[in-house]
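Presented below, as structure tokens, is a lone chain in the form predicted on its own.
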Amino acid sequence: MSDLAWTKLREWLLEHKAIDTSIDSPNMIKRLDLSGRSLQKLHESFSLLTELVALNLSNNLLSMLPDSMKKLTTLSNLNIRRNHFTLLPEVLTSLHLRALNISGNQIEDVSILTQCKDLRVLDLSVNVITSMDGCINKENELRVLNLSYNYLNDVNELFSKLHSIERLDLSGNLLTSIPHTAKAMETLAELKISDNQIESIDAALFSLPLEIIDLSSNEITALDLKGLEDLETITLDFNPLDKLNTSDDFAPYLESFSCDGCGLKSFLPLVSTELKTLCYASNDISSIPEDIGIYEQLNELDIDNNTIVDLPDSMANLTQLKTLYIDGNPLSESAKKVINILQPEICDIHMKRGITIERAKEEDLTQMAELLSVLFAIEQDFTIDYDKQLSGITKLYHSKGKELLVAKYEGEVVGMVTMQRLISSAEGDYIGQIEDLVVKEEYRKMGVGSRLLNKMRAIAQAYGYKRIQLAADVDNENALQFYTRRGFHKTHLKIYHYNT
């Protein structure tokens, strides 16, 4: 090893604040975080880090990795998420990686992965992959695979190769069916396959040891639920279900069932007495069955926006109920008395009174800037800087084509949302870009976020906007579910930032 080469590499790492001054040998560096440094290439002596085990290069401007990295024989965890790769670096085939994250690039061909037999965790999400045929070695050791938000339309061969898979995410692709080869995934515990175009599901799926399955936002019209004795959570939201049946052996230990916006006329006979979360929001259900009382472990029930008038007395058995969403139903006075007996901590017809939704005033801007720090603490792409946030929200307040709404309680800003007017060439007219929706933690689950969003949608409609759109962090599951349940649909578009 050249002392001069190490000296230059050390200076480069110090310049990028990746190591501290106590590091005086490349062998001391086992883990290295170079994320978000705007790197276009790695230092020419990077291969000196032969003891490196984990390397984070995410959120940079990289489009290639040097072949000299093959000397990093101990490297087992590599993150190159959100860079500018259009091809998988060939050097990956020389490494013995156990975990690889290449999410958020522009990669279509991943066939070289067939040479990466050691991988256990692989994230290929948010790329432009159209096929996985011939890309996974039959001797692979994959346990976790994320292929969400690509352009896959056939996973027949892929499923046949995933004999050790435990968690699989195929959300946001172009799949129309779950094929018979699903039977090969004998260890699969979690399957996310929402936001596709699935119409048919092979019976093989119901023989798997699944614990979690998300089939929301597909094109399923008929489904017979059976088996799945290990299942704990199933989500069927936003499918046009004309026929939905359950057998007596379906999911005996089910804890969470969601069927939001599916056009259902009645509750399903679920045999599990372990249910903790039950959602039938936005259907056409007019009554709740008397046997709902068997779900004594239920702590959250969402039946918003149905046609329910009366509630059965058996609901008094739901002594564990903490959250009840029941607004948007023509409830009778006797039904309201049942709710009073239950006394859930959060009930959307008994929310904190006095929270108002109004257009922001200039004196609200300082509180709004403080609220943004709550949002940016969640979203990875942004950093908290009060002065910048105050400057930004002030400029937005004084700009044309903007709308700023705040939720206030006793004069305090407890929530906010903003919208800017844009021109869409696709729509040929104005659209609204919604941003900065955030509610203080102690005021969440009170409908504040929904009220802010609904008010902003009404404003957009009044202005004649052809579309409203928003962006959300892909890792913020709560936000993604919130927007999906309120009618927003995910797209294949990806957002890129270029800092000038």
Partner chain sequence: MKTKDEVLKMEICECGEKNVAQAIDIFQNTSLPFKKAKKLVTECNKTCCRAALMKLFDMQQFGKYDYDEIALLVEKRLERMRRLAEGA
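What you see is a predicted model; the values in this text were computed from it and never measured. Residue numbers count along the first chain shown, from 1. What we label the rigid core is the largest C-alpha set whose atoms superpose within 1.5 Å from one form to the other.
What comes next is about the form predicted in complex with its partner chain, which is not displayed.
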{"query": "One residue of V126, L331, L119, L342 in contact with its partner chain, assessed in the model of the complex (non-hydrogen atom, 4.5 angstroms)", "finding": "V126"}
{"query": "Partner-contacting position among T418, N140, S76, S217 - heavy atom within 4.5 Å of its partner chain in the model of the complex", "finding": "S217"}
{"query": "Which of 365 to 373, 223 to 231, 148 to 156, 333 to 341 lines the interface with its partner chain in the model of the complex (heavy atom within 4.5 Å)", "finding": "148 to 156"}
{"query": "Proximity of L162 to its partner chain in the model of the complex, heavy atoms at 4.5 Å", "finding": "no"}
{"query": "Proximity of L62 to its partner chain in the model of the complex, heavy atoms at 4.5 Å", "finding": "no"}
{"query": "G447: touches its partner chain in the model of the complex, heavy atom cutoff 4.5 angstroms", "finding": "yes"}
{"query": "Non-hydrogen atom contact G104 with its partner chain in the model of the complex at 4.5 angstroms", "finding": "yes"}
{"query": "Stretch 242 to 271 - residues with a heavy atom within 4.5 Å of its partner chain in the model of the complex", "finding": "S258, D260, G261"}
{"query": "Yes/no, K408 Cα shift of 2 Å or more between the shown form and the other one with rigid core fixed", "finding": "yes"}
{"query": "S38 C-alpha shift between the shown form and the other one of 2 Å or more, rigid core reference", "finding": "no"}
{"query": "Rigid core superposed: N454 CA moves 2 Å or more between the shown form and the other one", "finding": "yes"}
